[in-house]
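Here's a solo chain for you in structure tokens, the form predicted alone.
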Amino acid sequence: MATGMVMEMKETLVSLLDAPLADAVIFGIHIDGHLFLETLLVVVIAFLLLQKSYQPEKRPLTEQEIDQLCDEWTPEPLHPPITKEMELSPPVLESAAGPHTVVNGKDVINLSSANYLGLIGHPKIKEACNAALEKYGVGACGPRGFYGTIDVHMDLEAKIAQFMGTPDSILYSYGLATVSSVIPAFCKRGDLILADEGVNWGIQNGLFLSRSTVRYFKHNDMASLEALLEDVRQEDRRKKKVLNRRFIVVEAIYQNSGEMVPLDTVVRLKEKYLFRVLVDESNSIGVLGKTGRGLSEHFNIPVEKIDIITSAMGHSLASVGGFCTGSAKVVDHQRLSGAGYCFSAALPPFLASASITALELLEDNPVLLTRLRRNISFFRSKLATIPGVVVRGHALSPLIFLHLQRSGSFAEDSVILQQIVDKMLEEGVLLSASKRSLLDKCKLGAGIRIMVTASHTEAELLSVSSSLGNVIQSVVTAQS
């Protein structure tokens, strides 16, 4: 019945619209219901468009209204709420960060310093620093482009280029700022970067500052990288995009995992898909290769196959700052485009002297590399016997990570691992657990990071592995 009424109303409305309005004829045009309605709508729309928009009354706020707005306003917090996990009190070193250091007045074995070649405190480096201090003073007091360049800076750049077998190199005053400046110097909005998902925060910051399109491949997974490269190629064929700069960004030895990137595969892929490659060698120079010249020497690949090489000098070279090395064009471009180079005070001259001396010591003492590799192999073999943890990192990496066999979330694992680290400090061993800031996007699991150096003795490493096994067993047992 209801359906019949609706149909009847519909037919009535249609008949009204179709019916002539009293047979009205205007200028010879027959006016029916549809034309009348449409004309009316046009008139209404025109009327509305011609109306003045509503303007609220303009008057200054009263004192009472201002006070009310101020009382109601709640500012955005400058930082997220402080949680218990954020309230850290790291150990404070009271002596040089050598193979042994002093924490809270107690001598401990130091396995938390990237002093891979054991050059911290070396007499020749101290002598070079003292001579530089006498000659130049402490700071450069100016950026390199504004009267901050001192001859020792140029000597170090030439020494790095000679050591690495590259045409030229450029210095940065701060290690972390090196790669963060280099990436934005070459990559801009619209460019494409394929990066490993496990890269350190310095690289992540450089990727962000570049404003480029960034795509991540699975950690140290070359199949994932090739699949991503193939996706890009297929996308180019479909959309016919304009040409842009394209980079693959990796670390030689990853700061967050200790794994080594397979450079031979990366070079093959970058040549196949016409990408450039940037490699951060902070943890590989002074570690890999027959003479410590890094990843390219280890894989016996010509260094010119790597478009850009960056490295911090605070690891094997036991100094401060960083460098980028490569072709003369790569280096010259950064002298006007590298933010950390252009706007930071130049590296203090005595630190440049320290790095020159460290490179000379590495060249003159290949036994340093032999001792480092022997210690890495020995210690890894002992750690592999400890139940409850998994040893990760490349066999040649001085960065060794211990992960829980029964792993949970990053936060859950971090609590357990920090307990192990704290107990090891009581046993006279300084270790560190993975820490991530809120800005760090790395998704790799938490672990205990151990840094082996050439200056540790086998007896010390054996003692550490024994104590570590006992502590891990006690903590893991207590948790289960």
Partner chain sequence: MKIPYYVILPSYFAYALGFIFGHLRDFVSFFRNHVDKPPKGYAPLCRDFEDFYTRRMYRRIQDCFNRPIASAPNTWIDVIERVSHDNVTLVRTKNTRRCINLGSYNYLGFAAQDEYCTPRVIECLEKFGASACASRVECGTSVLHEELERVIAKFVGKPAAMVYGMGYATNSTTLPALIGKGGLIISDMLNHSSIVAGARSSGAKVAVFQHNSPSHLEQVLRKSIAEGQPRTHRPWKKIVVVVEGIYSMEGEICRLREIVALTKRYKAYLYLDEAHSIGVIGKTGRGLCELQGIDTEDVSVMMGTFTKSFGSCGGYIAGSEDLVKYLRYVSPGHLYATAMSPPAVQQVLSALKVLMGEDGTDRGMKKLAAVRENSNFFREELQKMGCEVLGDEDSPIMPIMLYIPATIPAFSRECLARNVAVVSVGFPATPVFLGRARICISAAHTKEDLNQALKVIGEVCDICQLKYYPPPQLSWKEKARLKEKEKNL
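Superpose the two forms; the largest set of C-alphas matching within 1.5 Å is the rigid core. Numbering follows the first chain given and starts at 1. All of these numbers come straight from a predicted model, not from anything done at the bench.
FYI, the form predicted in complex with its partner chain isn't displayed, but the following is about it.
With the partner omitted from this view, the residue of 384, 133, 395, 222 that lies near its partner chain in the model of the complex is 133 [heavy atom within 4.5 Å]. Of the residues 293, 403, 270, 373, just one reaches its partner chain in the model of the complex with a heavy atom at 4.5 Å or closer; this is 270. The candidate spot formed by 233, 289 and 408 is out of contact with its partner chain in the model of the complex: none of the three has a heavy atom within 4.5 Å. Residue contact check for residue 435: one or more of its heavy atoms lie within 4.5 Å of its partner chain in the model of the complex.
Among heavy atoms of residue 50, none comes within 4.5 Å of its partner chain in the model of the complex. Although the partner is absent here, residue 38 is not a contact residue: none of its heavy atoms lies within 4.5 angstroms of its partner chain in the model of the complex. Taking the partner from the other structure, its partner chain in the model of the complex has a heavy atom within 4.5 Å of a heavy atom of residue 208.
Of the candidate stretches 385-393, 225-233, 362-370, 135-143, only 135-143 contains residues with a heavy atom within 4.5 Å of its partner chain in the model of the complex. In the model of the complex, the residues of 301-323 lying within 4.5 Å of its partner chain by at least one heavy atom are, in order, 314, 315, 318, 319, 320. When the rigid core is held fixed, the Cα atom of residue 422 travels less than 2 angstroms between the shown form and the other one. A movement of the C-alpha atom of residue 64 reaching 2 angstroms or beyond is seen between the shown form and the other one when the two forms are aligned on their rigid core.
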